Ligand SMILES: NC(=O)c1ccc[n+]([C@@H]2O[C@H](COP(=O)([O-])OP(=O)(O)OC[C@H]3O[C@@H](n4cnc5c(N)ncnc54)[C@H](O)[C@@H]3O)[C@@H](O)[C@H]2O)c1
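Take a look at this single chain in structure tokens; it is the form predicted alone.
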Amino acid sequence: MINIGIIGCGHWGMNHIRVFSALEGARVKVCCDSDLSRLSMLHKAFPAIATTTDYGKVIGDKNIDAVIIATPTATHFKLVKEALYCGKHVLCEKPLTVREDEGACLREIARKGKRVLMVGYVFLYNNGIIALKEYIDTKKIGKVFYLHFTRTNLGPIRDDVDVIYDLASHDVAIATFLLGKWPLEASANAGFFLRKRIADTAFVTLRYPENVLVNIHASWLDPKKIRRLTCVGDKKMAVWDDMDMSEPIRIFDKGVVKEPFYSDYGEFHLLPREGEVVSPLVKLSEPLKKQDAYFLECVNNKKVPLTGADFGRRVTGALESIQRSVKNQGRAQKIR
């Protein structure tokens, strides 16, 4: 039995409490939050779980094996570091840290202490994304030309990070997972429509190896909630729509073919090719439940997670490069 402590009982923290409380082999023993009214509500819903406003009582408890950190991003580095030094396994909500060098520091602490450090990039445990990766890996899509992400909604508007760290971080993680490679450079522009220092809208372009382009539109200031990815390959095209419960994946047998044009110049015409549209069966399941169960598996088997410390560090490095591009009026920035 893995005893769990949860720090941060907001939206995601409460979801972790619900999920871990239902997972076999795990027991949520204590939860921490600075909001007393939130802790009171939590106690009514889960009376067997102890509550505290002192996070030190969670990471310092010798009976706690693993800690879930679902607090504002700026607090992640301090909390994760202290939890690792106390010998805890850690699942931290994304992004792991604000700066890449902080992530590198946490990676080394986890490695030396032989602790599991995992980052909660929950969309990598989404069955639709997993199915799309299989289509890409088996070359059914063909050579990938580009990915286009749209991740918009009217809010929720955060105060601790901008829309790049909040929303675009998901898509950097998804693109890297799907392509199996890390981006080489980033260029981006952002809008500061609501506040002067926190971007609420961003248009990001990442260049991956083999000249694959990834475009991301992320916004807190949009009339409709959209979570959509378009993947264009030289054989087929695919669309993942997280808001479509009946057909989250659609595969389009469409593309462009080169028809020879027999002239003295040996030219060719580029003609669109139309084919059938297939909606493969995707079994629906809760991504957070899959993610949290996978975390328990990694702890039990001393396994390095898919979204481990180094993954989290490198995503943050890409986010830093995106923000540098914004500050430099969209000029491309290398990603280390």
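The numbering used is simple: start at 1 and walk along the sequence shown. What you are looking at is a predicted structure, and each value in this text was computed from that prediction instead of being measured.
The same protein has a further form, the form predicted together with this ligand, not shown here; the description that follows concerns it.
K.L.:
Residue-level question: is Arg158 within 4.5 Å of this ligand in the model of the complex, judged on heavy atoms?
P.N.:
Looking in the model of the complex, residue contacts with this ligand include Arg158, since a heavy atom lies within 4.5 Å.
K.L.:
According to a 4.5 angstroms non-hydrogen atom cut-off, is His43 in contact with this ligand in the model of the complex?
P.N.:
No.
K.L.:
Taking any heavy atom pair closer than or equal to 4.5 Å as contact, tell me whether Gly13 reaches this ligand in the model of the complex.
P.N.:
Yes, Gly13 is a contact residue.
K.L.:
I'd like to know whether Ala238 contacts this ligand in the model of the complex, with contact meaning heavy atoms within 4.5 angstroms.
P.N.:
Outside the cut-off, so no.
K.L.:
Just one stretch in 185-193, 204-212, 88-96, 125-133 has heavy atoms within 4.5 Å of this ligand in the model of the complex, so which one is it?
P.N.:
Partner-contacting stretch among the options: 88-96.
K.L.:
Looking at His170, His217, Arg115, Arg107, which is the one with a non-hydrogen atom within 4.5 Å of this ligand in the model of the complex?
P.N.:
After the contact test, the surviving option is His170.
K.L.:
Name the residue from Asn63, Ser285, Asn301, Ser34 that puts a heavy atom within 4.5 Å of this ligand in the model of the complex.
P.N.:
If I apply the 4.5 Å criterion carefully, the residue I get is Ser34.
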